[in-house]
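A lone chain, given as structure tokens: the form predicted on its own.
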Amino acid sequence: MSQSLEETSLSKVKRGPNRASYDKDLAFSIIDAALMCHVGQTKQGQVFVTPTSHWREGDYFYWHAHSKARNVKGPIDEPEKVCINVSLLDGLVLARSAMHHSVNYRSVTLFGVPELIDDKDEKVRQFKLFLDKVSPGRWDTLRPVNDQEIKATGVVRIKIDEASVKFRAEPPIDDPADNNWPVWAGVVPLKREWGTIEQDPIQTAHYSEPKAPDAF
């Protein structure tokens, strides 16, 4: 049986609650499929939102940045709860009126106070998990990370518990009076696939092509 996310005054979906879910496995699937998230935080009353790549291990959501970057260093120096959103666009919903156009999507919003990963070996292990998400199996082919790189990279995490899922996966919902309006209506799905890979132009030797993650 799937576990439930913690429904709090922050994580509770108030607008469109019929599209909300607190199923943890569903949240995990969206987090794992996406390659980027947006980290929201405040500093001296100003809101900042930072896009970054993320990954998950178990019940924890991880992200990284330069060790002095705002979205890593800020909430550690002055502990505060951050808000993170992960979103996947699945299609355009074209209705019979402008008012009822929409999109089909999947999203997760998380809240938590970041925890710094400071142990050297654990940081390197997390680097590997992240790289293997981006390109499965690539980590073992790379030049090993050095101490300077490890020190320069900050890694933080929050537990995936205070969070919610919101999604739309349905055709247009028009006013009944417009159902016979003479215009095409329906869903234009977003097709996700990786394009042709482009080798670094300064590289003349041939190597095995990298693997890409599954299309999300």
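Quick caveat: nothing in here was measured; it's all calculated off a predicted structure. Throughout, we count residues from 1 along the sequence that is shown.
This next part talks about the form predicted in complex with another copy of the chain, which is not shown.
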So, a 4.5 angstroms cut-off on heavy atom distances: do all three of Gln41, Val49 and Pro171 pass it with respect to another copy of the chain in the predicted complex? yes
Is there a non-hydrogen atom of Met99 within 4.5 angstroms of a non-hydrogen atom of another copy of the chain in the predicted complex? yes
Does any part of Leu10 reach within 4.5 Å of another copy of the chain in the predicted complex? Heavy atoms only, please. yes
With a 4.5 Å heavy atom cut-off, would you call Arg125 a contact of another copy of the chain in the predicted complex? no
Looking in the predicted complex, any heavy atom of Gly58 within 4.5 Å of another copy of the chain? no
Could you list which residues of 107-138 come within 4.5 Å of another copy of the chain in the predicted complex, counting heavy atoms only? Ser107, Thr109, Phe111, Leu131, Val134, Ser135, Arg138
